[in-house]
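The chain below stands alone and is given in structure tokens; this is the form predicted alone.
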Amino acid sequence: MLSQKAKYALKAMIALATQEEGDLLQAADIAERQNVPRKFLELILLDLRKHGLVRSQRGKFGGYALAKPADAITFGQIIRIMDGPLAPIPCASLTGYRRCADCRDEKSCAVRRTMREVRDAAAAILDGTTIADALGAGAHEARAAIGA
């Protein structure tokens, strides 16, 4: 299940992607626009900055901006930063693999095989969806809703 932290990180990244290049968005503005607790958001933005997805500038006119183009940042990257591996169990993970203590034969384990399929399907969607894609889908839905 997606954590609240990862959900807020995705919302923050989408908000930042709506800014014109060079414009900065303050944490308080992101928090208000996305209905995210400000203090929690600030910790999330620090994590995203540490991983090179967000840049920040201090001062009265400071704020945050994407450090990479929106079409180069995937949902999968953000979720892994916030929540860790996508796999529902450790033995099905590519990035956080751990053998299960109760498993006698990993190669024939039906649970592992199924959870690996779940992980692969989730990764295909999340790694194939960029922040730009999400904005494009949202813009399309908004235009459809108003009949444009």
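Sequential numbering from 1, following the sequence displayed. A quick note: this is a predicted structure, and the numbers were derived from the prediction, not measured.
Although not depicted, the form predicted together with the DNA is the subject of the following passage.
Site residues Ile14, Gly22 and Arg33 are none of them in contact with the DNA in the predicted bound form, judged by any heavy atom within 4.5 Å. Residue contact with the DNA in the predicted bound form: Asp120 places no heavy atom within 4.5 Å of it. At least one heavy atom of Leu43 is located within 4.5 Å of the DNA in the predicted bound form. Using a 4.5 angstroms limit between non-hydrogen atoms, Pro37 touches the DNA in the predicted bound form. With a 4.5 Å cutoff on heavy atoms, Arg113 does not count as touching the DNA in the predicted bound form; it lies far away.
Looking at 66-74, 103-111, 86-94, 49-57, the stretch with residues near the DNA in the predicted bound form, meaning non-hydrogen atoms within 4.5 angstroms, turns out to be 49-57. Residues of 1-15 lying near the DNA in the predicted bound form, listed in sequence order, are Ser3, Gln4, Lys5, Tyr8, the criterion being any heavy atom within 4.5 Å.
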